[in-house]
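For reference, the chain that follows is the form predicted alone, supplied as C-alpha cells.
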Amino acid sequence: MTTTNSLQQAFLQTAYPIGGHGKRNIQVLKEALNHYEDELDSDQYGKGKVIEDFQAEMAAFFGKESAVFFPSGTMAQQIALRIWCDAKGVKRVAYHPLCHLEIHEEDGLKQLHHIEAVLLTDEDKLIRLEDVRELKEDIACLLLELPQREIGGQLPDYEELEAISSYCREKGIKLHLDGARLLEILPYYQKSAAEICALFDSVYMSFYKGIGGIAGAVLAGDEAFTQESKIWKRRHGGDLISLYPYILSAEYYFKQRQSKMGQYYEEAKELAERYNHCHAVETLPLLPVTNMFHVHIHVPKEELEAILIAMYEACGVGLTAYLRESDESSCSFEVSLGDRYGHIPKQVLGDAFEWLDQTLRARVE
C-alpha cells in the first residue's frame, strides 16, 4: 500500500471530513428523485416538459433569452467557443493558461474544432484588462473563468470585469463566462447571477461542482446562440434519449444549495484563518473570495502525509485525501466547502488545528 493510498483511506475513515457536501453515492440520486412524482414523464432527445421547464428556469436565472442543458461542461464550452468562432470567421480564442480547456480536456478544442488558443497572462495571475488590450492576434472570443480555480479560486474586482466587457464589445470580441462555480461568486460580488451574466455573451454553469448534483451543465445566451448549440449538442452525441436523472438532481440540489453559498463563503474565511494560524501553513488567497481556496504547507510531501494520517486517527477530522507536491519542501491541496463543514463541532475542529499546529512546530524544534 502506498502512502498516498494510506492518506486517502485514512481520510475516508474520518468522522469529520471537511470539504464538499458528503459522499457521492446512490443516496444523492435517491434523495433528489424522491421529491418528484413517479408519473413525471422523461425528456426525449432534448424535448419534453422536464427539460424545457428547467431550461427556461435557468435562462431566467441568468437573465438570458434561452438556455440548454448539456450532459457535461466540457461539451458545452467547446460548443460555445466553436459557435463564436464560426460567427466571426476566426478560429482563435483567448483564455488563461490554466483554463480547463487547456489542461483537462486532452486538447479537445484544438483536435475536434481546430481552434487555436491564445494564452493570456502568467499562470499565477488573473487576466486583467491590460492583458486583453495587449493582444496581438485577432480573436473571436475571450473566455473568463470565475473563480479561477487553479490559483485558489481568485476573482478580479467587479470594476475590472465591467471594463473587460466594455472593451470586448467595443472590439467585437465575444465574452464567454466559464461559470462552473457561478453561484459561489455571488456572495463576494454582492450581485445577482443576471447582473454578472449581463457582462457576458454566453455563460456555462456546472450542476455537480458546488451544487452537488450527479452531472450536467447549462449553457445560456441569446436565442440564436442556443439554437445553434442544440445542433452542435446533437453532433457531439449529447442528445441522449433521456437526461432526466441529471436534470432532476440538478434542479433539486440547485434549489437546496443556491441560498447557502453565502454561508459556505463565510465558513471558508473562518477555516482559512484556522489554517493561517498554523506553523508553516498559508492559504491562497490569504482571505478567500469564495468557498474555495488552496492550502500550501511548507513540509515535504511524504512527511506531511504521515503527519496528516496521524492527525486523522487522533482527531477524526479529515483535511484532504491527497497532496500535490509543489517542490521538495512543500505541497498543497484544494479546499471547497459545502454542507459538511457546518456539521463539525467547533471544539473538535479547534482541537484538530491545535494538534496540527503543535505537530508542525515540533518538527523544527
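Residue numbers here begin at 1 and follow the sequence given. None of the values given here were measured: they were computed from a predicted structure.
Although not depicted, the form predicted together with another copy of the chain is the subject of the following passage.
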_Residue among Q154, Q263, S242, Q256 with a heavy atom within 4.5 Å of another copy of the chain in the predicted bound form_ = S242
*State the residue from H294, K88, H236, R274 whose non-hydrogen atoms include one within 4.5 Å of another copy of the chain in the predicted bound form.*
H236
*With another copy of the chain left out here, work out from 65 to 73, 328 to 336, 296 to 304, 309 to 317 which stretch has heavy atoms within 4.5 Å of it in the predicted bound form.*
65 to 73
_A250 within 4.5 Å of another copy of the chain in the predicted bound form, heavy atoms_ = no
*Hey, in the predicted bound form, is E57 touching another copy of the chain, heavy atoms inside 4.5 Å?*
no
*Contact label in the predicted bound form: Y158 to another copy of the chain, heavy atom within 4.5 Å*: no
_Any non-hydrogen atom of Y189 within 4.5 angstroms of another copy of the chain in the predicted bound form_ = no
*in the predicted bound form: members of 43 to 64 within 4.5 Å of another copy of the chain, any heavy atom*: Q44, Y45, K47, G48, E52
